[in-house]
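Here are two versions of the same chain, shown separately as structure tokens and labelled structure 1 and structure 2.
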Structure 1
């Protein structure tokens, strides 16, 4: 694979992979996506998925899906299955390369024994607090553990007893023996095994000691012969430990760790711990709440795999941390659905219209385009009758000069229909709200044109009252109302939750062509935005639509 001037320039990781392939160092690159099964994946993980699996596809290599299941106290089978579903939904396939760190528990244990035999690991009895105290600071070196000079024989015996369950949780750990004065704190005798007497979702109660991530990760990469181990920048300071473990054990394969900038997206949080808080404390309905930027939440809301892949491609891969505006993600789904979504009529806040000079029993079929720029998407028939619904906001009793919709004595065009003029209106005597418009139509303007050449500036959407379907529409918006909700550590990030992030309209009216729409299908309600039939709560006789995104970026206007 070579880059040509007509192609998009390669990011720095693909440049490395290309050079390794062309030099023959790694003719077939092997990458991996290594999630922890302790929560649902979010949009930040999508960037890593697209990078790792994308390289596998582009370079005729492979990408492994490997679960880092080394902390059974926080892991669940539900998370494993959700992660597999998310990766598949995004359009990627690990084929027969599905692995778990727990597949390697026996080998990881034997590698730890080998480190002990080489004098490079020891059992330490310090408590967690004491280990942190002995570790030192960025300005001060650490202090050696009083257990650092135990003999190889004693360490082997104690580690074996740890494995056999002889000690209580937290009473002992196995530490790598490196350098307590290292300027890199990660190299100050890091813990590589701890005691945790917890049932594991795959290995059951076979193990009561579990390896730490930094130790497990590099050896799992090595065992799978990964060529390029791609991590986010927070692992850059961990790379010396990654290399130390493999170098010390003199493993036959030594993958190259390469770090890239993680996705930082405003108006959200990217911590699985904080997302779990939102779920467990009931601030959202679940991991798939359409306001959550989990992949399952985005899917339920109506985002498409292509829109997320395009978003990840657009933001690119770099070495420097930066912030991406939420509008970039929202625009990616607008662009995708603008090409794919059928146009339909949906009235969210209905106002009844009676066309007084229209025949009482007449029902016409008006032909409407499914997509005005894509004739290949065909047309549909819309019923037109004496009584219609339009949006409440399309009528004002005293409209300003530049309001080009309905008002007393004003004429507008009904989309695909006729010109109508408002003759009078009725209001609720208690609230003063307009409840009914009485209008007349020009029968010579069918299709939205006038034979006498007169023009109207306003075109509004509508549905036939007799034929309309009722539905609920959920108007989701951004979950947080500030760009960086977790930036100020002195304030609870949940204090920045947007109180208007979720609303519901229960008396909406939509055209009858949507009667048999399938769950997960996205459409554009003309003039309103893009909406998706909810995959969870919608029923054949109780349709529920989620607003995916408005037609324009209303937040950009607010910022201006």
Structure 2
């Protein structure tokens, strides 16, 4: 890796990886992304995926995808598939390095036998409650289990019987024999195997004892010859145990665990448990609800893999618990789509305009650029006729001076079209809503420029009424209305759900060129924002768009 001063500085993990590569300790680093298949991946996982797979790529190493599937009571194949799909979609490739901790069950069992033989593990008959009592508290040491001094032979026999299904769930466990007085609670003879007569999604019913995380993870890393085992801060206290297992077993290699801070985003919740709750209780339509910050939700909303990768790149890796502003995520998709998305005309809340002096049956074709800054993206034709739709918000009966759009007597440019002037308007007598604008156009201004060089301040978007396609547009807002929905443990985070996080406009009018747009395609509705054709609910003749994010709007700010 080269790193000139102008480049982004390396985060502390990459500094370590760089040193290890340069010193020859680990010429080709191997990392791993180790999800438990008990839920969908979210933006927080993306941070870890980008870190682990990113290092694999940058250092010509590899990154494994390993499912940490040691708790069959919570895990399902469906999750395995969705996780694989999400990692791929994000743009990463584990090649042939797809692993499951459950593939190591046999070896893990042998290692446990080895531990027993070395006098470093024992079968404990204490109940769960007793184990907790004996563990002591944060400030007081624990007490030794009465079963701690069982003989190797007895332990071997008992553990074998555990494996063979001789005992009931919860009746016995295998514990590492470390130190019940350790100030680190993880070292107070942690349970490493428990009896769980549960069907496993991969191993079926061949096992009724399952290894615990702390015991499994380090050994899995070791078996795969992982060089740098990256995890989040809450595992910092577990590192002594990680190291103890490998040291005690005198394994041929010993990966280095390094901890970094997990991602926190404001106005949302990140824990799988809470996301699951939102899904199960119907607060959202599913894991892929476009408001969810799951990978599948973001994908459906219209976020691109590149935008998520750039986001993860921007926020950095460190050990401080930090809260990233939602605006940073939004900015990442604006940035990406500004480059890639074609510009089109879409009217969200239509207001009919009649061009009084335009020939009744004339239809002109007007050429429009697909991207003003990228001529290589080509042009398209827009039909123009006597009756148009413009945005309701682009007309004010009594506009302030700084309002550059339509008002009685005001002239405005229709993007790529003509200058029009508002002559009169009609309102609904009951609601007072403006229902129709009568305008005249200047035939000399076709394309949007006037021969006399006169300036118009505003340019607005429009569609031809009889050519426009109808569609539905779904508008989304942040799911919660406070920055830290789960900060106060005494309040249910769901009390902070934003009741207006989702809305729908069903009478939108879009230009006819969108007729054959395919699902998942994103476009910019000029002056509005970026929109993605919904991959689930959209049908060829009932188009449904998701608003990904609005454009920046300095006028909206000015209004305040």
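Predicted model, so just to flag it, every value in this text is computed and none were measured. Positions refer to the first chain, counted from 1. In this text, the rigid core denotes the largest set of C-alpha atoms whose superposition between the two forms falls within 1.5 Å.
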{"property": "Between structure 1 and structure 2, the form predicted together with the RNA", "result": "2"}
{"property": "Is_shifted residue 400 between structures 1 and 2 (CA, 2 Å cut-off, rigid core)", "result": "yes"}
